[in-house]
Each structure stands twice: as C-alpha cells, then as structure tokens.
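In the form predicted on its own, a lone chain appears below as structure tokens.
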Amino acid sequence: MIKLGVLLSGSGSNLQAIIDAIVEGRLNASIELVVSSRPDAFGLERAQKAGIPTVALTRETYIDPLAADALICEELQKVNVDYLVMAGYMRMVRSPLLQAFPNRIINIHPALLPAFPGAHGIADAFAAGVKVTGVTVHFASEIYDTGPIIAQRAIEVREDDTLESLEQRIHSVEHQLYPEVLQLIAQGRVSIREDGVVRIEEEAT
C-alpha cells in the first residue's frame, strides 16, 4: 500500500475519484493528508467527509512560494507520505517539494501534453478545432505541465460537442485514468528510464 498526499485548489472531483477507488478496492493506497491552496475549496469538504486530515493555506501563504512549499513539505513528511498527487492544484510545485519527493509528484492534465498546457487545456483544444484531445498523467517537474508522461488517454472531439460536453467527458476520463495510474504505481510497475521515458511493466501472471 502506498501513502498519498493530495494537493488541490477547487472542487476535488479527482480526489473523490481516488477516495472511491480506495473504498471499492481498486486502489491499494491510503490518503494521509489533503492540502488545499484555498480555504474555501470544496475538496476540503470531500476530504473531511472521508475522515482525511486537511491543511488549508491562504493567498498570503503563497506570497513566498518557496516558503509555502516548504510548509507543505513539512506537513506531508509528518505523515510519511510516499507520493504526492496533484488533483486540480493551481499552483506550481517548487524545489522544496520536488527535492523531497523526486519523481514522486504526479499531476493530471486535461489535454494530450505537450499540446495545450496551462490552466485552460480543454478550452484551448476546443478553440483550436482539434479532432482529438484527451488526458495526460505525468510526473511533475520544475516547469509547468512538463515531466515524464506516465499515461495518456485520447478523446474524440465530436462534431456536436460544446465546450461543456467536452469538459464533462474529459473529467469522466480523468476520474477513471488517475486511480488506474496510481494503482500501477502501487503495484511497483512504473519506473523512469535513464532517457527520461516512463516504463510500465506488464502485470505478472
């Protein structure tokens, strides 16, 4: 079993998907702490309902982003977290966290990276008129929306899609893919090669 810390900034729907996967036995993990960059994030309520300890930061905390990340790191280390999961966390992780959790910080992005990075991946892909977009799970790095890609899942953009319908389908895929990737990690099947490419071992039979 792996111990997870979760970073979020908003509704926490991916947190809920991870909680549900643990409860249903699809993910061999525990969530030790949820940290929110906003004290009013609904994700905190989801965590508290599930009995998960929480830490809520404020905008003032992030005036010094390195100090903020050092504080987060201290809280995570208190509960011996193995991996840090970004679930709609709208802040960049910086050196204190990256050094404390090397290749152990995971992010999900609603586009097929390296295409459409940034905070508006779904809207940017929709506006560009692409026929295929998707979801990416990757290890975080010091540059926003980069880092070794663990898994991607493509989603067709339908002719009758609206931005809202596309968002709904992408979020649905996120909620499936994120727990699946975390389970691969829990099984010890994910590693990074010397060339920086992620390798996923076949499941033992």
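Owing to the predicted nature of the structure, the values given are computational and were not obtained by experimental measurement. Residue positions are given as counts along the sequence shown, with the first one as 1.
This protein has a second form, the form predicted together with a further copy of the same chain, left out of what is shown; the following refers to that one.
Visitor: Please pick, from A123, L71, V130, M86, the one residue with any non-hydrogen atom lying within 4.5 angstroms of a further copy of the same chain in the predicted bound form.
Guide: By the 4.5 Å criterion, the partner-contacting residue is V130.
Visitor: Of the residues A56, L163, A154, L66, which one places a heavy atom within 4.5 Å of a further copy of the same chain in the predicted bound form?
Guide: Here the answer is residue option A154.
Visitor: Would you say all of P114, I149 and V197 touch a further copy of the same chain in the predicted bound form, counting a heavy atom within 4.5 Å as a touch?
Guide: Per the other structure, all of P114, I149 and V197 touch a further copy of the same chain.
Visitor: Residue-level question: is E159 within 4.5 Å of a further copy of the same chain in the predicted bound form, judged on heavy atoms?
Guide: Answer yes; at least one heavy atom of E159 falls within 4.5 Å of a further copy of the same chain in the predicted bound form.
Visitor: Okay, which stretch from 100-108, 73-81, 131-139, 86-94 lines a further copy of the same chain in the predicted bound form, with non-hydrogen atoms inside 4.5 Å?
Guide: After filtering at 4.5 Å, what remains is 131-139.
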